[in-house]
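Before any questions on how it binds or moves, here is one chain, the form predicted on its own, in structure tokens.
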């Protein structure tokens, strides 16, 4: 096993070296004028300051969980938990630094060389983050198998995933609250009340808005995908042994297979990244799609080879291939329901012409409808994986879906970098032709962001499902009877929990956004020179409001996700906890999809109108769409994405403490 783990470590190190090379290339690009540097410095300082404050705020919870894991499980698990925390935090830190350096350089690339250079800078910034996600995840997991023997590693490695989950949970919640409180305040007062354009330097909340893009869409998305990535690999390893499906190959081969698949996925992603480019008059979206397709094809071939060599047949590769295909399909389905290129978003934009209510009603219908095909796709793909590989096949299905996460994360992070570049171009007063280039990149970024959210939701669903199956195998649940009233009530309670969690996060954004709206209005009322452009707004106060609101409001939802499975498992036993998870997983997945896609559709309907449709900027339809976007903001960037982490966190906490729950058997 150690030889396979060492091979995986070598690949992970290669990914990190590649990420460093991408970062170094981006750093060599000029930042531009002094004004551009100043705007970028505001954004960078706000983002890094918040990240440090968030990590400090989480410290007490993290230390408590290390001690709890050590005393209640074992100290090897506690050490691995700490390792997951550290590596996930490093991913967030490196991602934030890279993105906040790439944004201004992408803007200057548009100024000096045009679309091709700006696109290259934005995508290479995203690539560095994506490679960090995959490299750090595979490095941590592989190192565990080198440091200890196979049996001990399998018993404890789930704690590494729980460490990643903890950082992702608070990062997604805090980042979502931060970015949406700033965005809502900037839009409702700046756009609607003051009639300002997007990213106007006179808007006091504009810097906080751009800081939020990095906090939510770079750090939050990176942590989300990092957690899914390591979680699926861990679950597949556990299922390789615990499910008893390893007939025909050794348990060691079954455990090594997911590690080597992840290593092959990194190599495939690096090749795909190298193929991504855009001509000056080309469509950047085509280049991004090409990178994903090339990586997926290479990964499918590698899965066939590894399956034959390690496991003695090709049927296991079918499960991996099903995951690869489903990941692509979910992204495309999500894009269909949330992109302005298609009829659903265009219809929402048209409905905005008759008012806010009709636009929001139309978006809600679209959001509800958008859950059908992704769920059907996952169900069909999962069934095929089960037919070819039993429960282990479902684990491989999840690994396949996330195997090319490096290039997928690169595309996801490209979006906020391009968005920031567009904002920097606007606030720095760059020529109109430059802003047209950055806005074109931002438009593509909005589409990829929505598609990436779809991928993240599908990944979260599969990660949670595979972790749940691993939990069931570890505690030895043979079946749950619906004639047992406790089981039925646990399922209902589980289905309710995602709604409670979403309510807490939406309420958090509402309270933080209210403070932001009041602050922006206060600054406009006290200093008329701000609107005239003769006085500079107080950006720092708005940044501080978002930061304080996020840090305060993230605690209750975060603690709820961690404490609930612990309490239920200890008090009611492992079977009732399993029943509760059965309710949490489907309800959480569907609610996350509905909320995220509704918000994304509202945002892109606004963008569609701003291109000149249905009256364009300043029209009644545009004003209605701005309000609709404000309603959708907390759904698509706070509650929806945070639910991804919620369902995964519940599952992996249950898996880590499963031996304790089985030993106690429930206090009632």
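Quick caveat: nothing in here was measured; it's all calculated off a predicted structure. Definition used throughout: the rigid core is the maximal C-alpha set that superposes within 1.5 Å between two forms. Positions refer to the first chain, counted from 1.
Another form, the form predicted in complex with a further copy of the same chain, is not on view; read the next lines as being about it.
- Of the candidate stretches 490-498, 110-118, 551-559, 171-179, only 490-498 has residues with heavy atoms within 4.5 Å of a further copy of the same chain in the predicted complex.
- Not displayed here, a further copy of the same chain is kept clear of residue 199 by more than 4.5 Å at the level of heavy atoms in the predicted complex.
- Remark: residue 386 counts among the residues lining a further copy of the same chain in the predicted complex, judged by a heavy atom distance of 4.5 Å or less.
- For residue 325, no non-hydrogen atom is located within 4.5 Å of a further copy of the same chain in the predicted complex, even though that partner is not displayed.
- Taking non-hydrogen atoms only, residue 309 never approaches a further copy of the same chain to within 4.5 angstroms in the predicted complex.
- In summary, among the residues 525, 281, 149, 481, the only one with a non-hydrogen atom within 4.5 Å of a further copy of the same chain in the predicted complex is 481.
- A heavy atom within 4.5 Å of a further copy of the same chain in the predicted complex is found for exactly one of 89, 76, 329, 391: 391.
- Of the residues in 457-471, those that come within 4.5 Å of a further copy of the same chain in the predicted complex through at least one heavy atom are, in sequence order, 465, 468, 469.
- Remark: with the core as the superposition reference, the CA shift of residue 620 between the shown form and the other one reaches 2 Å or more.
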